[in-house]
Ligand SMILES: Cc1cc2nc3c(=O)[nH]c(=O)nc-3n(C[C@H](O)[C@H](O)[C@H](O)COP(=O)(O)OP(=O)(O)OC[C@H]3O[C@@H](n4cnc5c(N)ncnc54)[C@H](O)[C@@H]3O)c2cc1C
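Below sits a lone chain in structure tokens, taken as the form predicted on its own.
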């Protein structure tokens, strides 16, 4: 039996953020993962820290707060220094529905404030002059958003936390006692004042009643761009992606394409939103469709070669909001899961919010994300 103040189950970016925020309070932290750091969704992400892509309402509000906080953590001596980078982002419309999505985006950003703002709203001719395809009817350029690779941020948080690490050590059970909680791992037991489950889809192994389900996304990695090739300053997001984020159950008719320039000079192109948990295959017809749409939006890509395709699987929730808060009928067991594609952006906020709730006083905003909301919905029905 090893003693800690907090045990974090799951070494993705959210769990790593919780560990670092807890360590800032001087508590002893252990992080347990069945595989290792960023082995799941955090390692299969484009890394965008984006407010613009979030569904309007509480999710966009929290993303705005998390973006601002991430910038603070990226300052000198912060855990995200050299990991988080500010960069512009582009949103394009190729049909009337996507133009409507861009209109809604501009209105949403004005409501949120001035941290992320539209700095250019360009028609077709000016978009084409910047290297975009002739089918791009409208282009919005935003300033104020950022980027950090999920696995890089995860490693940075963990290194700075000074936590004890237990890799390849699956959690079998969590048992609460009067003044402590015992985490039963394959290698032995850990006792702590509290435990946070941030294990994504693996959270279902401990709490099978959680309304979390897998959502897969197929992605593409290209070779490096040529030295004389036009440099893309930031990611390109199709208006169909904004539309898909507003939908909880339905999919758009075409994959919501995102084109992300990587620090290596490669491009990441994604992504579908498929209701399954298979990460062991990619569909050639789907990949072909993604490539076609990406090239139509940004023709420079036609000169690139595909060197890898893969499928990332994320933990999604039926109402489109993550589950963050104290587990029902528990006093020392917390959950932070179901972030789907929003974990990178919300990780800074989530780590701070969870530790505030455990060690200080929970803020009202957590009520919206609490697992109790599903119990309350059942009672109403």
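Worth saying up front: this structure is predicted, and the values here are computed from it rather than measured. Positions refer to the first chain, counted from 1.
One more form of this protein should be noted, the form predicted together with this ligand, which is absent from this view; the next part is about it.
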Residue among 59, 326, 39, 317 with a heavy atom within 4.5 Å of this ligand in the predicted complex:
39
Checking 170, 120, 106, 86 against this ligand in the predicted complex, the residue with a non-hydrogen atom inside 4.5 angstroms turns out to be 170
In the predicted complex, is there a heavy atom of this ligand that lies within 4.5 Å of any heavy atom of residue 345, even though the partner is absent here?
yes
Should residue 202 be counted as a contact of this ligand in the predicted complex, where contact means heavy atoms within 4.5 Å?
yes
This ligand contact at residue 32 in the predicted complex, heavy atom, 4.5 Å:
yes
Is there a heavy atom of residue 18 no more than 4.5 Å from a heavy atom of this ligand in the predicted complex?
no
Using a 4.5 Å heavy atom cut-off, which of 332-340, 22-30, 60-68, 351-359 contacts this ligand in the predicted complex?
332-340
Need the contact residues for 294-326: heavy atom within 4.5 Å of this ligand in the predicted complex, sequence order, or none if there are none.
312, 313, 314
